[in-house]
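First, one chain by itself: the form predicted on its own, in structure tokens.
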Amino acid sequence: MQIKFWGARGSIATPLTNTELTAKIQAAVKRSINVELSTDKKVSEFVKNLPVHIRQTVGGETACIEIRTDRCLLILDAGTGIRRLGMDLLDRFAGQPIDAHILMTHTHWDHISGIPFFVPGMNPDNHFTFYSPFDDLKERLKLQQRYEYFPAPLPATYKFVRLKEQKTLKIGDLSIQTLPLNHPSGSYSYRIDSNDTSVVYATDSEYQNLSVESMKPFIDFFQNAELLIFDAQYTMLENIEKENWGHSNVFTGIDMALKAGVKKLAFIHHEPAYDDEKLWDILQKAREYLKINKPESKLELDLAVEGLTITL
């Protein structure tokens, strides 16, 4: 199973600004002072060893994740990141029909706004099936492509399947389960199992009641996942200040992952006001928290960033 992140921001797309790009260049140039960079190899090594927040960017596209197996192409959410995924699929399939399945967690704009710009969806030879426990998903998506808002309607070739809670969906070699989350207007988590490998996508959720009884459904759902993709948009303080906004933080994610026996935890739905340095600093604080509270743990922590590929 291969997982690739095409969009990891939350709330609204946040492209890198010229000011932020200039700051990265200046930071890199400062570090090059008194460093001998006379060959291409030395330049490459210098760049490779720059701090990750200078060398890379988390990216500004909103939620979209691709999961591939030998028998299935699965897409999680359709934020702005699905536009680039669509262009990649056109190159990858080189004119051959594309058959993919799209799981929708909910229909807030940051999770659906890429659909009108998903070019493969405009080809009637391709097949895309949308899944969600919401009974009116098709009508919701059609609304954002009314003529007043977008010049082309929702493609008629799209198919829609309503999922039943607590029922397992089979797609190719994948088994998919759903769990409702705590988010304004509702959202759903997905657990995707293939053979002995499990991925859980739990974005857009708030965990206010941390009692054992209240957390049990989530811990059970996350149990022994190889990878948990977890909404950590806020700091702990912001979670208190923005109660009922429907998001979580890295520390709650770590605590839940440890209780569930998760092997790898990837934080997603990054706050649009946070630049790369801030986000990498949050990751370091998360790693420090894990080291202090559970030094023997082998739980891996990472940020979901555009282009990140994980093979399980």
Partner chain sequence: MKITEQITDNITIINLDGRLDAHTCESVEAFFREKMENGQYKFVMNMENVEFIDSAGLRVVLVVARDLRNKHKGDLHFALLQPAVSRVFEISGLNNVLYIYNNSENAVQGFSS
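Numbering follows the first chain given and starts at 1. From a predicted model like this one, the values you see are computed outputs, not experimental measurements.
If you look for the form predicted together with the partner chain, you will not find it shown, but the lines that follow are about it.
S.K.: In the predicted complex, which of the stretches 229-237, 184-192, 130-138, 145-153 has residues with heavy atoms within 4.5 Å of the partner chain?
M.R.: Contact-bearing stretch, as computed: 229-237.
S.K.: Would the partner chain be touched by all three of Asn209, Lys285 and Glu288 in the predicted complex, meaning a heavy atom each within 4.5 Å?
M.R.: Answer is yes for this spot.
S.K.: Quick one: is Thr22 in contact with the partner chain in the predicted complex, heavy atoms, 4.5 Å cut-off?
M.R.: Looking in the predicted complex, residue contacts with the partner chain do not include Thr22, since no heavy atom lies within 4.5 Å.
S.K.: How about Thr69: is it within 4.5 Å of the partner chain in the predicted complex, going by heavy atoms?
M.R.: Flag for Thr69 set to no.
S.K.: Residue-level contact is defined here as any heavy atom of the residue lying within 4.5 Å of the partner chain in the predicted complex; does Asp255 satisfy this criterion?
M.R.: Heavy-atom contact with the partner chain at 4.5 Å: present for Asp255.
S.K.: Classify Glu243 as contacting or not contacting the partner chain in the predicted complex by the rule of any non-hydrogen atom within 4.5 angstroms, answering yes or no.
M.R.: Flag for Glu243 set to yes.
S.K.: Just one of Phe251, Phe46, Trp280, Tyr274 has a heavy atom within 4.5 Å of the partner chain in the predicted complex. Which one?
M.R.: Checking each option against the partner chain in the predicted complex, the one that comes within 4.5 Å is Phe251.
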